[in-house]
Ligand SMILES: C[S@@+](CC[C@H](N)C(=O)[O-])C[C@H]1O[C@@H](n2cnc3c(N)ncnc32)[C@H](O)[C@@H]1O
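First comes one chain, alone, set out as structure tokens in the form predicted alone.
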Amino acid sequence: MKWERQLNIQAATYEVRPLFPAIAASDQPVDTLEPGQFIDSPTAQFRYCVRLQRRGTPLLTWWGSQTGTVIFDGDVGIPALFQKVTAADGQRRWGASPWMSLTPAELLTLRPGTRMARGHVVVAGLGLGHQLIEVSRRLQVKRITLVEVNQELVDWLLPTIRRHMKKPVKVIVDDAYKAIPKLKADIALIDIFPGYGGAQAKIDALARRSPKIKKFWGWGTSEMSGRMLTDR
């Protein structure tokens, strides 16, 4: 499926991988979910849940600077990962928006990078593991290195994500901006930005500091800049 300003999707065809299939979908605020509707990481830094997207309710999509909507013809469950943030009063609360969720917008905008994966691939940012899984299923990919800064996220989610992968993955727990310049690879797929787009300068700077990585792709940067890859 290609991005369009108005997308209509049959709910029965929208297949995503739930990491915890027993979790029931809900459209309630994330901080009011009941047991069975979420699972928290060991220190409750992250919360996994399945957001219930109601039939006919518009959902935001984007492609570069363009925005649009998608509507399903039935209810769908969308896996999502929330992270606790520090509010203005100093209290730790769940973020208002998901840290990552498997919406059509997320899947569509990660796909260009996944399609470029070949040889030794560095994936920066674990999230819900969607891109990591898809990269592992490409015949052109020989080796994968994951760089993720959060040890708790790796320990909690990666064992489940590995079950869906077709190739093993080496894990480096570190800041991507520090770890990636030390690596050698054919391509690095970077998805560590808090928002979509506007990070081309960061990708270019990282590429200049990474002499042993041939090409870079950044989430939201290729569509915004018109350059699908950054060559070192």
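The structure displayed is predicted, hence computed values, not measured ones. Start at 1 and count along the sequence shown; that's the residue number.
Not on display, but discussed next: the form predicted in complex with the ligand.
**Q** Does the ligand come within 4.5 Å of any heavy atom of Asp174 in the predicted complex?
**A** Contact with the ligand, yes.
**Q** Does Gly129 reach the ligand in the predicted complex if we count a contact as any heavy atom within 4.5 Å?
**A** Gly129: contacts the ligand in the predicted complex.
**Q** Taking 4.5 angstroms as the cut-off for heavy atoms, does Met116 touch the ligand in the predicted complex?
**A** The answer is no: Met116 has no heavy atom within 4.5 Å of the ligand.
**Q** Contact with the ligand in the predicted complex for Gly77, defined as at least one heavy atom pair within 4.5 Å: yes or no?
**A** Looking in the predicted complex, residue contacts with the ligand do not include Gly77, since no heavy atom lies within 4.5 Å.
**Q** For this chain shown on its own, do Tyr14, Ala25 and Val70 all sit within 4.5 Å of the ligand in the predicted complex, going by heavy atoms?
**A** Contact check failed for every one of Tyr14, Ala25 and Val70.
**Q** Which pick from Ile192, Ala207, Ala199, Val50 sits with a heavy atom within 4.5 Å of the ligand in the predicted complex?
**A** Selected residue: Ile192.
**Q** Looking at heavy atoms inside 4.5 Å, which stretch does the ligand contact in the predicted complex, given the options 58-66, 31-39, 174-182, 199-207?
**A** Looking at the partner contacts, the answer comes out as 174-182.
**Q** Taking the ligand in the predicted complex, which residues of 83-101 have any heavy atom within 4.5 Å of it?
**A** Trp99, Met100 sit within 4.5 Å of the partner.
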